[in-house]
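Shown below, as structure tokens, is a lone chain in the form predicted alone; questions about how it binds or moves come after it.
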Amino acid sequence: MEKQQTDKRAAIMQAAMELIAEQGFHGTPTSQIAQRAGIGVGTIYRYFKDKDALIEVIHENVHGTFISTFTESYDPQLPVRENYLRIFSTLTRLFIANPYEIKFIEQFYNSPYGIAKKRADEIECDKPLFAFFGQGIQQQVVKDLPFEILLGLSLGPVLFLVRDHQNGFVNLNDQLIADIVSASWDAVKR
């Protein structure tokens, strides 16, 4: 019985994430989520208080995956530059492999949901990235800029080019990924 509940919950979250990535938050009614998940609309409310709660849980899971990937790619024995290249190359490949997740996250952070999180300074899962950049600043190999700027210089170009890759405008192969991440490093290094 518990596996069936877990499967339904996962199906609801996957359906919601895909539809929101395709149509946006307001263009995705719970009736469409239920239809794609193969359940009744009322079933959604057995697992989630409301649509907002569902969106928050999806965000936590997706962002958690990105942070886990960062953490797994980070090797404290490596110099900051090598870690940077390794981490952001791995994240780029993750973004390419997960188009719905990346579209969802972009929409989340460009919506009242994400803005409210940033204003409330609740982005607990950004702490590993903050610490990483702090280490680079302390070692004087990364520019002494605010965290948001360093993150923007690092992820902005990657996200833009991943979007173009997903839309067929550019083919991000291993060499281009390495070149992009290297260019991003050049933007943040001292």
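These numbers were taken from a predicted model, which means no experiment stands behind them. From 1 onward, residues are counted along the sequence shown.
We do not show the form predicted together with the DNA, though everything after this point is about it.
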Among G40, G152, G134, P128, just one has a heavy atom within 4.5 Å of the DNA in the predicted complex, namely G40
Contact residue in the predicted complex, chosen from K51, K143, R36, R163 - any heavy atom within 4.5 Å of the DNA: K51
Heavy atoms within 4.5 Å of the DNA in the predicted complex: does K8 have any? yes
Does the DNA come within 4.5 Å of any heavy atom of Y45 in the predicted complex? yes
Look up in the predicted complex whether P29 has a non-hydrogen atom within 4.5 angstroms of the DNA, and give yes or no. yes
